[in-house]
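Just one chain follows, in the form predicted on its own, and it is written as structure tokens.
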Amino acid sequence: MEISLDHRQSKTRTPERLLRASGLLYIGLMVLIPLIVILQDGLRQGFAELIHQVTLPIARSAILLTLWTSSLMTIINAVMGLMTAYALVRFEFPGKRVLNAIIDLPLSIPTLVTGVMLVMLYGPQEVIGRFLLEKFNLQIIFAQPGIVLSLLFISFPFVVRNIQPVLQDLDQTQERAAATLGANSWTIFRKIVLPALIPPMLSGSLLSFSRAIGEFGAVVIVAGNIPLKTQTGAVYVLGAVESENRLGASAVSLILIGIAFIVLALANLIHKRWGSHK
């Protein structure tokens, strides 16, 4: 009887083991091995040479430009994503379903197409682009504002989609009680609603930041490839590969990967702690 039971358990565990092995093998082939290869390539001449490569003026400028444009985009998306999610969940208005569907559109549009759309809208020869340049001396295309705009477009859904389910599940009993006691809408939002939305807002913002630091397609179209001016980290990597500077490309890639890993770890930590206190 015991032998039969052990045999059944072994047969039951066989599909689980195959599934687990398949998943681990796939992750190894698609993620771990490429990471190990680029890590080995970036460090093949030692850690000191890696530091030298990433502190070269052009490389350092590209990395810093990537960080500050992504940070500015993250702040704007956090605020606008929160407002958009709140409007979609709490208010009824014509075209709400269409707007809700459009929010996910940047995730499905090729980023090169995003860049082309922005050039057609804000190019110096277009109506809006010419107006901004003549009236405010603000150049969008082939300038740093274009980088921020392209990052805003491609990363916007992350914050909205992180906040929406939390807001939908939020118990409104406390809000009604506060309104009964005379609290105005702003006080209710600031004291009751906002504290519950901060964790998903932070998590979504970090995800959008992580997505932005590796963006290439939209940025290279909108901002071009101007060293020390509009060349971001991802674009620098392409230039380094084309100029056969593989070590420089690997070094900057490792920095971008490291930043993305840290940011994703923070996002997961926030999500885990927030989920455990729900």
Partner chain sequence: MSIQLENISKYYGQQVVVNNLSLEVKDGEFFVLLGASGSGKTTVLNIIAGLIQPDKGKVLLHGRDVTELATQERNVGFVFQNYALFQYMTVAENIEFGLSVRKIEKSKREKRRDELLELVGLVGLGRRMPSQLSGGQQQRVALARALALEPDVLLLDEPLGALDAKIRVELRRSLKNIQRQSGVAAILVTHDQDEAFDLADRIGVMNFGRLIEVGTPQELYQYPKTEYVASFLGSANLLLGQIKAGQVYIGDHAFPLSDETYNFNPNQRAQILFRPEDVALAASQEDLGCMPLGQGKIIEQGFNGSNEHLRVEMPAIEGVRPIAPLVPYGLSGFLLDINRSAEQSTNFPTQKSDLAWVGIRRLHVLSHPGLNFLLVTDGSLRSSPAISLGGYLARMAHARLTMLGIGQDSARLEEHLLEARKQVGSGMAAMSVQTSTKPFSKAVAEAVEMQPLDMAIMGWRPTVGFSDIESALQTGEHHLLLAAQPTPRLGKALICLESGEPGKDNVAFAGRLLRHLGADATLMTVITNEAQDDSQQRRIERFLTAGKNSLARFGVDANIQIRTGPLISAIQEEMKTEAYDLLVLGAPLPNAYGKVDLHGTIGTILNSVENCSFLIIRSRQFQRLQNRFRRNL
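Residue numbers count along the first chain shown, from 1. Predicted model, so just to flag it, every value in this text is computed and none were measured.
The same protein has a further form, the form predicted together with the partner chain, not shown here; the description that follows concerns it.
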Legend entry - Proximity of residue 168 to the partner chain in the predicted complex, heavy atoms at 4.5 Å: no
Legend entry - Residue contact check: residue 182 to the partner chain in the predicted complex, 4.5 Å heavy atom: yes
Inset, instruction - Determine whether any heavy atom of residue 173 comes within 4.5 Å of a heavy atom of the partner chain in the predicted complex, and answer yes or no. - result: yes
Inset, instruction - Give a yes/no on whether residue 110 approaches the partner chain to within 4.5 Å in the predicted complex, heavy atoms considered. - result: no
Inset, instruction - Identify whether the partner chain in the predicted complex is within 4.5 Å of every residue in the set 213, 229 and 235, based on non-hydrogen atoms. - result: no
Inset, instruction - Would you point out which of 193-201, 154-162, 91-99, 125-133 contains residues with a non-hydrogen atom within 4.5 Å of the partner chain in the predicted complex? - result: 193-201
Inset, instruction - Quick one: from 138, 80, 116, 177, grab the residue that has a heavy atom within 4.5 Å of the partner chain in the predicted complex. - result: 177
